[in-house]
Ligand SMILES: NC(=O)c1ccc[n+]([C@@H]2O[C@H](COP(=O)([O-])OP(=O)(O)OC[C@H]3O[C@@H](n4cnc5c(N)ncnc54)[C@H](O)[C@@H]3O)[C@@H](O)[C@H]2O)c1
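In structure tokens, one chain follows: the form predicted alone.
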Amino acid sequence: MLNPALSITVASEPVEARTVGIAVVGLGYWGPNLLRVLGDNLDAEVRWLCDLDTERLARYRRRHPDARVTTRMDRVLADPSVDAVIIATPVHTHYVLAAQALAAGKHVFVEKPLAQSSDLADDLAALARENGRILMCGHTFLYSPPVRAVKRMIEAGTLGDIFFISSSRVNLGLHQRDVSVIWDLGPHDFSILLYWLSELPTSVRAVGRDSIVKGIADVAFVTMTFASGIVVNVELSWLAPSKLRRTVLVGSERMVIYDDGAPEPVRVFDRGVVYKDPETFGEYHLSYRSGDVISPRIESYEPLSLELADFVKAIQNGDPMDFHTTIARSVVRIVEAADRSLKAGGREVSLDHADITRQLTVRRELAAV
């Protein structure tokens, strides 16, 4: 395994102003969406489709007749016209396939999570630096207009000091065969939190159960504490009567509800509580403020389209996308800690903050965007 501490950052050489050759590996659940978006990107050309299922290959080749098809990754990597590989395969294959592509000199976009462990995620980041290649993970919600709107509010101080955040990401299915609900749904919320707060949690606790398939947790409640004092609770479940993607942020000045998929995805509440120091022993006074509820205008665009366009432009411009790599590695650390806590019955797990310098460096990288 590579040692990230020994890696030297190498700037990614830009691709001349020409079409970027893309290979899509994995045509199951998410791969077709990536193909659809790439088909509308004038700066990208899909040159290979790779999947173990020959029926899928035949089906999607009809829609992309100029692309070659194969069940073998080595054929894709041997083609010099392929600048980048997009990986949308099961989680347990992410590391091996991404490592092979990076070693072959290809830029890599891999669906979340980046790898099955933090060690493997660090290994991929080091391999990308050593080969001067871009490594980006598909945390699509970082490109979501409502998520970015909330980020601007936090940066502007609109909410004041954030007290706590509560999030629910639940639905009925899809049960995964190889990972728990934490590995499946957790990366969405964890990447959003890192983007919003620009800091890593100091500790994680998780409780849940494997209600349907033994050994595969399908419901989990993850609690995180941050050095800034913020407390976060994330509910994750494949067992809910309806689909819900809702996050509440409570600050000293205002509160925000982010409801993904709602007609008004962001609502700002000018509400709060003001505490007055007691003048006599045993007395205190709380006053409640209830002001306007505002639904700001949110721009409209497809996050996945913007995300892949960003990846392609980074290849053309030689941008190493360090911010995205940092987010992806940090998400794996949180998921790994939550999964460990879940298996230990909810025991608190610290997030490797012994190296304070490293922690602060990560925070600066997260805050830079």
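It should be emphasised that the depicted structure is a prediction, and the values quoted were computed from it without experimental measurement. All residue numbers refer to positions in the sequence shown, first residue = 1.
In what follows, reference is made to the form predicted together with this ligand, a form of this protein that is not presented.
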Note which of L342, V331, I315, C50 lies within 4.5 Å of this ligand in the predicted bound form, where distance is taken over heavy atoms; exactly one does. C50
Can you pick out, from R254, R129, K106, H188, the residue that has a heavy atom within 4.5 Å of this ligand in the predicted bound form? H188
Please run the contact check for G28 against this ligand in the predicted bound form: heavy atoms, 4.5 angstroms, yes or no? yes
Classify T93 as contacting or not contacting this ligand in the predicted bound form by the rule of any non-hydrogen atom within 4.5 angstroms, answering yes or no. yes
Could you confirm whether E111 comes within 4.5 Å of this ligand in the predicted bound form, counting heavy atoms only? yes
So in the predicted bound form, is this ligand close enough to R68 to count as touching (4.5 Å, heavy atoms)? no
In the predicted bound form, does each residue in the set L244, R267 and P303 place a non-hydrogen atom within 4.5 angstroms of this ligand? no
Based on heavy atom distances of 4.5 Å or less, which listed stretch (290-298, 81-89, 158-166, 191-199) is in contact with this ligand in the predicted bound form? 81-89
